[in-house]
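As a starting point, one isolated chain is supplied in structure tokens, in the form predicted on its own.
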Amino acid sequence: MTREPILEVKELTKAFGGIMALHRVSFNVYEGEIVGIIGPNGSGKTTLINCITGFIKLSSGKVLFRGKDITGKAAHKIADMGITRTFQIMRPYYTLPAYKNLVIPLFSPRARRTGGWRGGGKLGDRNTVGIDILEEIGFERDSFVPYKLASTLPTGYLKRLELARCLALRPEIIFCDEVFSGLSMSEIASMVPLIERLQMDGITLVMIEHRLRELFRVANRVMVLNFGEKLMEGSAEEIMASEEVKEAYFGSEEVEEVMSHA
């Protein structure tokens, strides 16, 4: 990891009318690491991602990517710079086959600039590249699954399709909004190595998660939000040992279970 942050979030604040969703949240993300973001429901986690990735405008503060101010840029311009995100509620093109969902981002300016895919396909054959990417994230290439309509895919495949659409843009950072939620234990067991492999491939990941056990397994650092403010930041061990975090999560069986087995 480099000492210079790839992403800097400075004093980010977002208010919806009289409701303060985020208040002066600051943190850095370093190249090649996995940062977890946790917090009780309503603590501002998804709002934070939406502000950083341009889906909603922040009220004040700054977001810098590789030292360049991207505050207030449109979502498609931020994606074109290499910052992509998944959605907690999946947003595929339901009426298209799974691989055709990849063809669309492969026509983007960023995909044309970066060119090709490490699996061997060329952008002149986007259908093949789409299949390559799906295979990379766990679709069985020789099955019918890549050719099924997205509307017919179970949650596990839809979560992977969300990641695949990010990968089609050759991203530098992927923000993952609850990529483990809704998955069975066997699906999570196969998703964790995928996340680890993306990191090994040089992709920086920022992950919002309620599945703390799985997140703590892969995250290099964890930031805790509570009532729109940063409560603390540290290693998984430091987070689990914090009385403040235990108090914020009071009554959460997930946190108590994780901490009791730490």
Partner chain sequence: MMAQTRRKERLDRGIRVRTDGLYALMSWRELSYLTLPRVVLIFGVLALPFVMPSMYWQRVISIVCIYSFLAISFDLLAHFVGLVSLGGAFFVGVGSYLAAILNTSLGLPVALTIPISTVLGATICTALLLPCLPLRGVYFAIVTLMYPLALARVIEALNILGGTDGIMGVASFPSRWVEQYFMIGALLLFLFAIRRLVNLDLGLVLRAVKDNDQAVRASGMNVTFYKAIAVFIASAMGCLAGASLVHIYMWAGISQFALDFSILPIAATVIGGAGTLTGPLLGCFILVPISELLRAFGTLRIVFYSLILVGFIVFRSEGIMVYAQRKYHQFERWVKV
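Because the structure is predicted, anything quoted here is derived from the model rather than measured. Numbering follows the first chain given and starts at 1.
Omitted here: the form predicted in complex with the partner chain. The next part is about that form.
Engineer: Tell me, yes or no, whether K148 is in contact with the partner chain in the predicted bound form, where a contact means a heavy atom of each within 4.5 Å.
Structural biologist: Residue-level check for K148: no, no contact with the partner chain.
Engineer: Heavy atoms within 4.5 Å of the partner chain in the predicted bound form: does F107 have any?
Structural biologist: Yes, F107 is a contact residue.
Engineer: With the cut-off set at 4.5 Å between non-hydrogen atoms, does P92 touch the partner chain in the predicted bound form?
Structural biologist: Yes, P92 is a contact residue.
Engineer: Can you tell me whether E187 touches the partner chain? I mean in the predicted bound form, with a 4.5 angstroms heavy atom cut-off.
Structural biologist: Residue-level check for E187: no, no contact with the partner chain.
Engineer: Under a 4.5 angstroms heavy atom criterion, identify the one residue in L183, A79, M191, I173 near the partner chain in the predicted bound form.
Structural biologist: Going through each option in turn, the one that passes is A79.
Engineer: Which one, F27, F227, Y30, F55, lies within 4.5 Å of the partner chain in the predicted bound form by heavy atoms?
Structural biologist: Of the candidates F27, F227, Y30, F55, F55 is the one lying within 4.5 Å of the partner chain in the predicted bound form.
Engineer: Looking at 71-79, 136-144, 152-160, 173-181, which lies within 4.5 angstroms of the partner chain in the predicted bound form, counting heavy atoms?
Structural biologist: Heavy-atom contact with the partner occurs in 71-79.
Engineer: Taking the partner chain in the predicted bound form, would L96, K100 and R126 all count as contacting it (heavy atom within 4.5 Å)?
Structural biologist: Checking in the predicted bound form: L96, K100 and R126 are all within 4.5 Å of the partner chain.
Engineer: Quick one: name the residues from 130-168 with any non-hydrogen atom within 4.5 angstroms of the partner chain in the predicted bound form.
Structural biologist: Only R165 sits within 4.5 Å of the partner.
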